[in-house]
Ligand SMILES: NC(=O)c1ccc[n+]([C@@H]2O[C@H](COP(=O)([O-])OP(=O)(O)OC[C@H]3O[C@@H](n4cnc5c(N)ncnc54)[C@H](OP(=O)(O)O)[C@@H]3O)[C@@H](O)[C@H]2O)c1
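Given as structure tokens, the chain that follows is alone and in the form predicted on its own.
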């Protein structure tokens, strides 16, 4: 029998705090190959806001429930499900719309979360840390001691890059725009933190002793991305995963011809769509291990119930926050830390 649960729903695209509201929607009992999951925590990512605004490549049918990631607890399993069990914490699948109290998903689309990981940290593992993990491994073969460049280093992906690089034996040059962010990045393990500016390539050369750098990660675009590639060694690769400046990439002919630089893009949603289940499982196992050890963590500024959708979305849209904003379920306090 269908039942009613609360969810964040938007009926039209627009400013998230204005068009997304907490409403009641129907949910059903799980089919033989499904499980019903209850929300514990789900972050508000920039991509979620872009989906509501209608500015993201993925557009759910309207009315839609946003939320690209999160963690829940299994409440019930279908008659044919043996690999999952009630009471198990799981990562919620992409495309489900995680900002809802409860819902039904395929049993093979969720991943069990081991004990020793706080619920809020588990809720944030599947997008930003996964993006960092894949970019550090899929484009350039890095050796211990190698340097990596990145702008937007204070972003969720940027902080994950710093933390993963630290435990992997790689060194990071982290480019930011505000001096007050330096201490936090250093605490995360950043080797070098620089303020962006016209002299950035010279700053990078001085800070690294003129090291040959083969990988740069770009979430800004425009002049900031150009300054990163100007600091790359011949044959180096710039991976773009965001465009915070809303400015296009500038690709000088000379860098292509004489430096033979590579310009690549990365989107974790596309990776999940094409990756083998074994590859996804292997990556998540590594991220779980890092989260359990405390080596991988993201700051949380505030949790909101689904009923406070407008306040949560307005808060998430603010700049200069100290951490992520998350929606929480009634049992989000079960951290398993």
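Computed from a predicted model, the values in this text were never measured in an experiment. Positions refer to the first chain, counted from 1.
Beyond the structure shown, there is the form predicted together with the named molecule, which is absent from this document and is the topic of what follows.
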Does the named molecule get within 4.5 angstroms of any non-hydrogen atom of residue 139 in the predicted bound form? no
Test of understanding: in the predicted bound form, would residue 155 fall inside 4.5 Å of the named molecule by heavy atoms? yes
If we define contact as a non-hydrogen atom of the residue within 4.5 angstroms of the partner, is residue 177 a contact of the named molecule in the predicted bound form? yes
Although the named molecule is absent from this view, report whether residue 220 comes within 4.5 Å of it in the predicted bound form, heavy atoms only. yes
Site test, 36, 38 and 306 vs the named molecule in the predicted bound form, non-hydrogen atom cutoff 4.5 Å: no
The chain here is shown without the named molecule. Which stretch in 111-119, 70-78, 212-220, 84-92 comes within 4.5 angstroms of it in the predicted bound form, by heavy atom distance? 212-220
As a check of understanding, the residue in 251, 233, 205, 244 with any heavy atom within 4.5 Å of the named molecule in the predicted bound form should be identified as 244
In this chain shown alone, the residue from 65, 300, 47, 287 with a heavy atom within 4.5 Å of the named molecule in the predicted bound form is 47
Even though the chain is shown alone, can you say which residues of 97-130 have a heavy atom within 4.5 Å of the named molecule in the predicted bound form? 127, 128
